[in-house]
Structure formats: structure tokens, C-alpha cells
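Given as C-alpha cells, the chain that follows is alone and in the form predicted alone.
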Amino acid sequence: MKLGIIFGGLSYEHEISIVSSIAIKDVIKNHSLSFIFLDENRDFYLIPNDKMKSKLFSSGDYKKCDKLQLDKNGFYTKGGLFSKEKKLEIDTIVSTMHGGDGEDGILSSLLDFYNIPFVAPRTEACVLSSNKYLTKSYAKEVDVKTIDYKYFVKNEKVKVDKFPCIVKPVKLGSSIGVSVVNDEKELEYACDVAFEFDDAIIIEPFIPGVKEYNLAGCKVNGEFEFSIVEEPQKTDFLDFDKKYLDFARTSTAQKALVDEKIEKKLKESFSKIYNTFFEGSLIRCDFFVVNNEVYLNEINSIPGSLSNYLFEDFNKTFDGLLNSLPTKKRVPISYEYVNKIHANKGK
């Protein structure tokens, strides 16, 4: 199969997406890959495989590559003075576009609109999982526990009853803008930082030494395929620098020493979250375990390098997902109603 790996985007996680896509080049084994870069001006470029190096993007040299345009059923190279536009030979798009333009649903909407098959959450799932406030509401509806929280918008009086706490921008991932706060003095600064990245924040109690587990998976032919359960190595919390390394990981992670009952609860919670809502995507859920109860921390709807390092056989799972993508129901347009109106007018 010919896959288009799309990355970049107008996002605080733009550079992370570049790192993730470079890692993917060495991970996906069974398919022909084309790399499509979306720059900060929202222009698409076709990047040759041998030029997929971070320096190409930081230097701006990617602009020497062929420009692409998105149109019905695919991407096309722009025609020159004496040449016609040519369709890029791609069967399916795989999104490694983290943050804005990717995980927020903009790209999924475009691909849906232009009838292009893709591996990523559909628009509604993107919107829900990229907003921590909506994620918590959804989790509650599907009977998955979350840590208590308070929600504030910019210029609203922020009040915290108990320290330590953790301050998070509502719509960002990769721990960008996240702070652990120990007292009132630190709170104001942490809120200022978070509001630099978003117009809304959530504040949760910080639980020192909490057990944290990551689990990835997807549906293949209607059945769940799970990764191993990983216990990430951390100090207080996984900050940006620690998470950044995940986006470049290609070697298999070590399986966590976790109780069978807890592992079962993790998979049950993952299944409730994934449901039918995230079909067509491979996601990673990050969980907390407190007093043997499982709590959803966040949904990574497009995880770094697609969490290949959590799977014992990533390519087998990924190939199964490629063959299990949802199809959009075609709506018949008959103009029956309009024709009836005209027929009645003619009587």
C-alpha cells in the first residue's frame, strides 16, 4: 500500500510532529511512504524520503521541494507553465500531525471533505480528545473515572482550595504549559504560563508518587488489539523534555509489572473510551491508578511515532488497522423535494 505521512501544521507541537514523522520512516516496514509537510503558512510540500531530516525544516530548505495542493480524492503536484498537475499516488494518509491542525480535527475534516482515506480520529473524536475539559465529560458519560478538576477561562478569578496542584492548558499536549504548583505564590505565575498557550485551563490536585500507565490500541475487524502496558519513568510528572523523547522512540518499551486485575481494568477503561468513536485511529490512553482504581489522565489521539514502541509487533497491528478503516456513508441527492415543488407549481 502507498501511504502518505502528513506532518507539521500550525501548532505549538509543530517541531514534535517533525521528529515523530522522521521516526515513522524507520518504523513502518511493509508499505511505500511519501512524506507531506504542512508548514506554518499552511502550504503542503512533498518531501523526498532521503531528505527527511530535521535540518531541512529549521533551515527553510523544504521550500525547494515540490509544492502540493489538496483537492478531490488526493494531493496533486502543482503544474508549471508547460506541465499539467499530477496526482500523487497515495492510497491512504497517515497523520502524525500533533496538536493544532492535526489532533484538533482540522485535517480530519479536510480529508473527509475531499474523500481521502486516512488513519487518524474522525473530526468529532479529535475535538473531544484535544480538549481536556470535554475529555473529562466524555469519560464520565462512558463510566471511566477522572481526577477531580476545576475549569477557568482567561481573566477569570482563579481559586484553588488545596496545594499542591497541577495547572494545564485545556487544548495542548506534550506537557506544554503544564506546571506543578505548591503554594499561592506559584499559582499566579503558573496560570500566566498556561494562559500564554490557551484561553482556558484546568487545575487538578497533584498526587505525588501516583502510579501512571500508558496503553495504546485500536480496533482491527471490530476487535481490540492492545499494546503492552508501560509504566513511564518519571520524577514528579512527565514534562515536555521527557515526553519529547517518546516522539522519536523506535525500540520496544519494557512491559510494566502490573497486577492482572489492574491490567484488566486498564483495558476495560481503554475500550470504553475508544468505543466506536475512535475507529480508524490508533490512540494511546494515559491512566493513573489510585487505591487500585483506574483514572483516565488524557487521550493521545495521534500518539508520538504512533506509539510503535508499545507494540510487540507494531506492523502487524498497523496493517490490520489499515484494512479496517471506517467508510463514510454516501448520502443520496435526488432533488425529489425540489421537483415536487416545481410539479405542484405547474398545476
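Throughout, rigid core stands for the largest set of C-alpha atoms superposing within 1.5 Å between the two forms. Predicted model, so just to flag it, every value in this text is computed and none were measured. Numbers for residues come from their place in the sequence shown, where the first is 1.
What comes next is about the form predicted in complex with a further copy of the same chain, which does not appear here.
- Within 4.5 Å of a further copy of the same chain in the model of the complex, a heavy atom is found for none of Ala23, Tyr295 and Phe318.
- Listed stretches are 309-317, 280-288, 36-44, 295-303; the contact stretch with a further copy of the same chain in the model of the complex is 36-44, by a heavy atom cutoff of 4.5 Å.
- The shortest heavy atom separation between Asn155 and a further copy of the same chain in the model of the complex exceeds 4.5 Å.
- Contact check for Val220: every heavy atom lies farther than 4.5 Å from a further copy of the same chain in the model of the complex.
- Although the partner is absent here, Glu124 sits close enough that one of its heavy atoms falls within 4.5 Å of a further copy of the same chain in the model of the complex.
- In the model of the complex, no heavy atom of Phe163 sits within 4.5 Å of a further copy of the same chain.
- For the options Val144, Cys191, Val229, Ile106, the residue carrying a heavy atom within 4.5 angstroms of a further copy of the same chain in the model of the complex is Ile106.
- Of the candidates Lys72, Lys86, Lys264, Lys159, Lys72 is the one whose heavy atoms come within 4.5 Å of a further copy of the same chain in the model of the complex; the others do not.
- Along 211-228, a non-hydrogen atom within 4.5 Å of a further copy of the same chain in the model of the complex is carried by no residue at all.
- Positional change of Val338 between the shown form and the other one reaches 2 Å or more at the C-alpha, relative to the superposed core.
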